[in-house]
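Here you get one chain, nothing else, as structure tokens; it is the form predicted on its own.
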Amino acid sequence: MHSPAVSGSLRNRLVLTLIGGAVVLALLFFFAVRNFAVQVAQQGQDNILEASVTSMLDAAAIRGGEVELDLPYSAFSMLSTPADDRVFYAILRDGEFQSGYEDLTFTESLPDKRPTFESSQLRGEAVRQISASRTLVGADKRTEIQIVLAQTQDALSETLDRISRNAALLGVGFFALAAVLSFWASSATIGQLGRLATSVTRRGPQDLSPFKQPVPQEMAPLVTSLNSLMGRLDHSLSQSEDFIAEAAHRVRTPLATVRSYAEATLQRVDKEENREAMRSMVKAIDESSRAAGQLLDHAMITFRADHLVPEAIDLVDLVHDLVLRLTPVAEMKDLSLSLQGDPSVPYSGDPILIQNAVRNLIDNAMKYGPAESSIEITVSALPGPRITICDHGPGFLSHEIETLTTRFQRGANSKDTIGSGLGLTIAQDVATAHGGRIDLSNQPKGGACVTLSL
């Protein structure tokens, strides 16, 4: 394993970056102090509101069988503020409005009969209100007095604004100092990391050779680990490519041979029950062959998507070549393939992945399209590169559209059709690898449409 060369130390330079931690602590302190100030100011206003509403309730009494409530002047004077905040109140008796502002609503007290506080909007202004009640008991009468008291928060807002402005000025000063230090520290310490990142970025997806450029002493373990990882990746990718090729040969070839024998045997069998058994065997072989092929396609797509190498292609030419190859298969099923759309759609992507995705979508359309019908394939450039395949089959069930791109997920109307549930998954993975998506929909007159957007 290649050992990276050592060219110096970053330790002294990295110490300076701790100043950034001090800036973070200063910001945290600023917000903590401001939040504490808000809580203290709000608690102060709540205490005054509670004292005021308590003095009002204390003034309520039953005299001569009648409820009397004379609002004391002190209940309102204690609510005066430098900003001349407005005060609203509402008095209710046994839930019925008696006096004050009718648009104030009473909030039920807490289980322990403590007053209830809440912030709300009243007549276009933010207010803090308290709801409190007291039960009055007379000789032959029992009644509940409920009072809602609200006060605007102009004075509170002015105080908090003043605190915020002063704190913001200090914060800006700290931020400016931290920014200057951060730029200087990053330019002095991250230069080597930047050069390493540039070296990695410039490499092609197949370049897994070790790094040989000199690096600082502290970065030597990192580069050594990267070189070790590159070596393991190179070995693993080589094994994956060999496995995919070998699996394709060892799975598809025997299945094709067995199918040919089964078809030949079917021609020589006379009894109908035996012929039916052979037909079931051929169908099972077809399902196994298709599943194996799509599993290998999915593995290949997963591999290539992780190592995407975009090429300049024309989507119209790519789809046109695919249509020419699939036309004989479509004609055997009494189907026709129709290519339409823009004359040319340039794109930069992986042609093998895109062609595989489109082939799976066309294959799905041919499976579900009825005989003597057409499959329309549209390639367009606007609003973005996209390929749409529509058939005239049964279409998608609306409640299944969101789940059909899941691996091995098939629709309820596909029970009698050979398939593995991977076709839409393959198309989805290809679209995702190219920063796009697939959309499933139904045609107004019947049939399914799948749009591959890139």
Partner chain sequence: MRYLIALVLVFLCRAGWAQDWEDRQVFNQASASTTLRIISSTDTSLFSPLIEAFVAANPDVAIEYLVTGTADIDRRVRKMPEAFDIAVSSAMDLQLKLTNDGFALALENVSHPAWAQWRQSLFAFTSEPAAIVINRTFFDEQPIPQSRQELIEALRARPEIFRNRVGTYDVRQSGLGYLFATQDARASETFWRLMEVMGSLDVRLYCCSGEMIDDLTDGTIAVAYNVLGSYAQARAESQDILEIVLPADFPTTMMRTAFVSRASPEPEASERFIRHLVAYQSSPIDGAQSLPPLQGKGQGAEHATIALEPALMTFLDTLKRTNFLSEWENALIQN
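Positions refer to the first chain, counted from 1. Predicted model, so just to flag it, every value in this text is computed and none were measured.
Keep in mind the form predicted together with its partner chain is missing from the figure; the text below concerns it.
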For this session: Check each of G171, P115, G100, G341 and return the one that places a heavy atom within 4.5 angstroms of its partner chain in the model of the complex.
Result: G100
Problem set entry | Among the candidates A167, A220, L71, L136, the residue which, in the model of the complex, approaches its partner chain to within 4.5 Å (heavy atoms) | L71
Exercise. Do V87 and its partner chain come within 4.5 Å of each other in the model of the complex, heavy atoms counted?
Worked result: yes
Exercise. Should F76 be counted as a contact of its partner chain in the model of the complex, where contact means heavy atoms within 4.5 Å?
Worked result: yes
For this session: Give a yes or no for D154: in the model of the complex, does one of its heavy atoms lie within 4.5 Å of a heavy atom belonging to its partner chain?
Result: yes
Exercise. With a 4.5 Å heavy atom cut-off, would you call A83 a contact of its partner chain in the model of the complex?
Worked result: yes
Exercise. Of these, 122 to 130, 271 to 279, 348 to 356, 159 to 167, which stretch puts a heavy atom within 4.5 angstroms of its partner chain in the model of the complex?
Worked result: 122 to 130
